[in-house]
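As structure tokens, one chain now follows by itself in the form predicted on its own.
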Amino acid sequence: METYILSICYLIGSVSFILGLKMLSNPATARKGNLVSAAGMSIAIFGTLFFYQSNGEHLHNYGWIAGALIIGTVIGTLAARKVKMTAMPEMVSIFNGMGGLCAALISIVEFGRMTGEPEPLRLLVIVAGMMIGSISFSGSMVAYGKLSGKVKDHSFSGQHIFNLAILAVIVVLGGFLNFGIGLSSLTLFYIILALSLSYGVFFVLPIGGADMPVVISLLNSFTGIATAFGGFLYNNPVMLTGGILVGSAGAILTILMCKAMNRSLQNVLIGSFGGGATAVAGDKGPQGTYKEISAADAAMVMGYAHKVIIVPGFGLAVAQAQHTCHELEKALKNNGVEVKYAIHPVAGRMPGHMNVLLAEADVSYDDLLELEPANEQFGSTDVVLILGANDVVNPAAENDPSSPIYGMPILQVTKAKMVIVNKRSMRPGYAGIENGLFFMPNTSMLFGDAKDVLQQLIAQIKEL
């Protein structure tokens, strides 16, 4: 009877993950999707604690399990409540890394428990889970350091070959371990573990800032795959389903983002894009002179425009100005202005960063334009207001072959009649390169904190 109850709990958990993921595809149901998935996971945990049996016996270490659950819940809740939207990418990296670490630890524990002649398939799953989980953990920690500014991009001559060599050695040693060739199993296992952790570091270390959203998505996929291996080891359908969903969704998102950035997935896997020798393009210095515009003049132009498109970027998140931006949108619409938002696939520092930011401010999903639809509408737009975005509107991606972002599709804001760029200063964006857009004839710079500037614009527009 208890086995049937546990199976039902796992079934509910698996179905809730599928439904939750489906609901996450729409901003209107995303919050509910999170709750549905969390409820399913809670039911699965409850079922495991009280109905799981091994060799006819229930779990006996309730104290350790309960203690770990309580500690993890408290830390996770406090972190989620206190994290700023600007630090959300770093938090995602840490949580993803912890998932990879858990998957790797499962493999380590299960390898230590093996006795006698191991089953080849089981051993293969253990080794693969350890390798992928370790790469995800160390890579996510480096990604956290890069996103928080504590770790700088670093590469050396021949690093691509070096990365491939490490990966090849890991695969070869994994084959030796599975076929019982070479060193003792325990020694070989820990050598593979050390190499996997090293590869995660060297894989992420050279990747430039503009490409970090792709890396986060890929590492998230790795964690899902490693978790699925853990579900296979324990014959746990909830872990298996959750891991497969995360792994496949992350892989699909990675491919879509690579396409959006005109990157090769092969290059992502060997860590050979972003940064590197061509990243010195930002050292060329200013490309001309720029002109400034006052908040009053900007408000006048926008208030009497027929169509305005807002391009949100990381600067908007830094200023926590998403709600103020929504107020500006409403003020413009009250003046009869058509207002849309142009969202680049890698705007911000993680996949969907700007979508989450604007959803928090209750911006209508119908007003969000993806890359291609936005580019089609810029030609009929009177004013484009850029709030803290930089690399995703940089013309160098289209006209400078020496630029590290060359070939990346951008928001073609120069098609609009007028472009207003809000920045704190003329410093380069996250990719560290100069932006020629700022020096173009139809571009004006509006310096200042995004929230303060938006408040000034709102006040001026209401007086029109």
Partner chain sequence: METLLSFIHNNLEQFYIVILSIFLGIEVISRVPSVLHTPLMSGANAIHGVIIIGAIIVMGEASTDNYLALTLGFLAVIVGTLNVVGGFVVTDRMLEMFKTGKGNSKKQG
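Positions refer to the first chain, counted from 1. No experiment lies behind these values; they were computed from the predicted model shown. Superpose the two forms; the largest set of C-alphas matching within 1.5 Å is the rigid core.
The next section is about a form of this same protein that is not shown, the form predicted in complex with the partner chain.
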Counting only non-hydrogen atoms and a 4.5 angstroms cut-off, does Thr77 reach the partner chain in the model of the complex? yes
Find out whether any non-hydrogen atom of Asn390 is located within 4.5 angstroms of the partner chain in the model of the complex, and reply yes or no. no
Hey, in the model of the complex, does Asp366 get a heavy atom within 4.5 angstroms of the partner chain? yes
With a cut-off of 4.5 Å between heavy atoms, is Lys340 one of the residues that contacts the partner chain in the model of the complex? no
At 4.5 Å between heavy atoms, only one of the stretches 409-417, 393-401, 434-442, 32-40 reaches the partner chain in the model of the complex; which one is it? 32-40
Tell me, which of Phe162, Tyr290, Tyr304, Phe95 has a heavy atom within 4.5 angstroms of the partner chain in the model of the complex? Phe95
Contact set, 7-43 vs the partner chain in the model of the complex - heavy atom within 4.5 angstroms: Tyr10, Phe17, Ile18, Leu21, Lys22, Leu24, Ser25, Asn26, Pro27, Ala28, Ala30, Arg31, Asn34, Leu35, Ser37, Ala38, Met41
If the two forms are fitted on the core, does Met130 show a Cα displacement reaching 2 angstroms between this form and the one not shown? no
Core superposition between this form and the one not shown, C-alpha change of Val169 at least 2 Å: no
Residue shift check between this form and the one not shown, rigid core fit, Tyr341 Cα at least 2 Å: yes
